[in-house]
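Next comes just one chain, in structure tokens: the form predicted on its own.
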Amino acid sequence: MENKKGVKNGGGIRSWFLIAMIALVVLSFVRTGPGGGDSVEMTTVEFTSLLDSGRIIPPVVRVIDRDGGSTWLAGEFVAVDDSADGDDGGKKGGKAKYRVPLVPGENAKLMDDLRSRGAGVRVEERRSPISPFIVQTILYGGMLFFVFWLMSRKVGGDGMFGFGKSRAKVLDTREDKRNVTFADVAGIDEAKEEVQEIVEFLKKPDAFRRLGGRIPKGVLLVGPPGTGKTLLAKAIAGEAQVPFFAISGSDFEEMFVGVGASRMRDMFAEAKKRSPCIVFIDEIDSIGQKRTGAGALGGSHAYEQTLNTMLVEMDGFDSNEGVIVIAATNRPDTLDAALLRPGRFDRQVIVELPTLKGREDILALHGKKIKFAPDADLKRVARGTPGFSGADLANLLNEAALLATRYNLEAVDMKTLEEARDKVLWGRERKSAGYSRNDREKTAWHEAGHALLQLLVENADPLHKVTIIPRGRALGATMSLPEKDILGRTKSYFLDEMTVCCGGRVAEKMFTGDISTGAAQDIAQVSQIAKDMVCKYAMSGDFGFQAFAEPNRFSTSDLPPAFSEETARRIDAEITSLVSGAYARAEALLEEHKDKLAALAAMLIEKETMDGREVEELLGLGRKEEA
């Protein structure tokens, strides 16, 4: 039972009980020692000295503590004030208590000496109010309870024996005023239309049953990270006004075998009690991986127990009418086939990266809370961010707001939006990274070679910006952005892209007579493009319509296939031919426009950063018309 603040009363009772147990353990060790806490403890030598000086006040009390087996001499003596002046170096003061610990078996002589001096010895026995058995019982019981309490705090609110309890968070959309609805989801209109049936079923289930229809038991949301899969699942629950169970795939597993299966059963049991409802499992690939074939974990593994339990709960002997399972993953190829069959995850909803219109809608949705300047154009930002996910666009607007605050602006202007976009794409400018004049010149020639070829070739993406200011891990950068959605690339595009990549190394060698490590990334990119053209896209005239990459049955990644050494040599020769051709073409174009290259490099040294339109105006090269 919970109180109004949502705190379990059981937790408060356990806390008070723990405090009481600790107090009893502490009190069990308290001894009512002779003389109380204000007694002066002294040795037998000091006691004998006081006895000889006549300062011990008879009778002397011999105290025996039966429980602890300790023996004490206790009584009163005349204290001396050392601060006072006198003949004996001090002044006798009032009475004070003393106690002298005695060693059993060695105090017979002391007792005889006391009696010979006429000091009376009175023996008293003092016992502890708690017997030793009770003390030990309380001590060990308190220690065991403390260990159990620590384990219950570690495991969670269900206590030590709550390992198998479900950790799903339950959100009752009928009571929460902060519900997420379809109005809060933008850029994935097709996916919203596909899941609309689920919302209608949850609202009016009888209308579907009337004609014998059956709603899908499971919906698998598939798409790249940040595209809004989790947000879409929340919106379904918010629209349908039903309870929403949310859990991650990794929350099912623990260090103990069988915990994941137990948590799975408990979650479905709770969901059936509150049906109709939605169970959302994020990153389901962590528990739903293939049991055999490519990507299989192999052997008897705890993950398989969890997966088997989920398969039975979704479509087994027991009915789970009204419980709809929605799962999200960006790795559908790793999921077990039994999980994807009809009756379990009947439907797969693809949540792709947003298109141009989708990016505009997402920017407009997230931009409602941001104050923009009159020149801020979100449509232009959307055109310049192809390949961005919804999470990327939200991060872009947040970075722009932070930059505007840092610059003490009244509103977020277009310049700040573009700076935020460049920061998200390529990293932040490192203006404080000092390097020599020679390094600046090399970087200027290198980037000028890229930028000039970007304008000269026909099929490359439009030039966006070129800079010799270090950004991210690069000393300079030439940035190009496609201003429309690209659904497929052509062979001519790849050839032009390889030529642009070679421009930096060619320009360096042409004007400095030397080469540097600055082209390392360009070399890797050119090599990968050429390899993909030959082995993956069949864009090689020597091999025709065939590919040389096939899935390995023991791995989910693409590995080199088993082909002959002669074919491997031919592949290497074809890749070398493509790279050499691109390099020769870059040399020819830059040699032909050597004066433009020198002018651009000189301007980069002076201005450090130039916009694509500024480069076009400087070189007299018009922007390629958009298709």
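So that there is no doubt, residue numbering starts at 1 and follows the sequence shown. None of these values were measured; they are calculated from a predicted model.
Omitted from view is the form predicted together with a small molecule, to which the following refers.
- When the small molecule is considered in the model of the complex, D184 lines it closely, a heavy atom lying within 4.5 Å.
- Interface membership of I362, defined by any non-hydrogen atom within 4.5 Å of the small molecule in the model of the complex, is confirmed.
- For the chain shown alone, A237 is not a contact residue for the small molecule in the model of the complex, no non-hydrogen atom being within 4.5 angstroms.
- For A394, a non-hydrogen atom is located within 4.5 Å of the small molecule in the model of the complex, even though that partner is not displayed.
- Comparing 243-251, 186-194, 452-460, 511-519 against the small molecule in the model of the complex, the single stretch with non-hydrogen atoms within 4.5 angstroms of it is 186-194.
- Only one of the listed residues (G228, G288, G218, G75) places a non-hydrogen atom within 4.5 angstroms of the small molecule in the model of the complex, and that residue is G228.
- When you look in the model of the complex, the only residue of H366, K465, R344, R383 with a non-hydrogen atom within 4.5 Å of the small molecule is H366.
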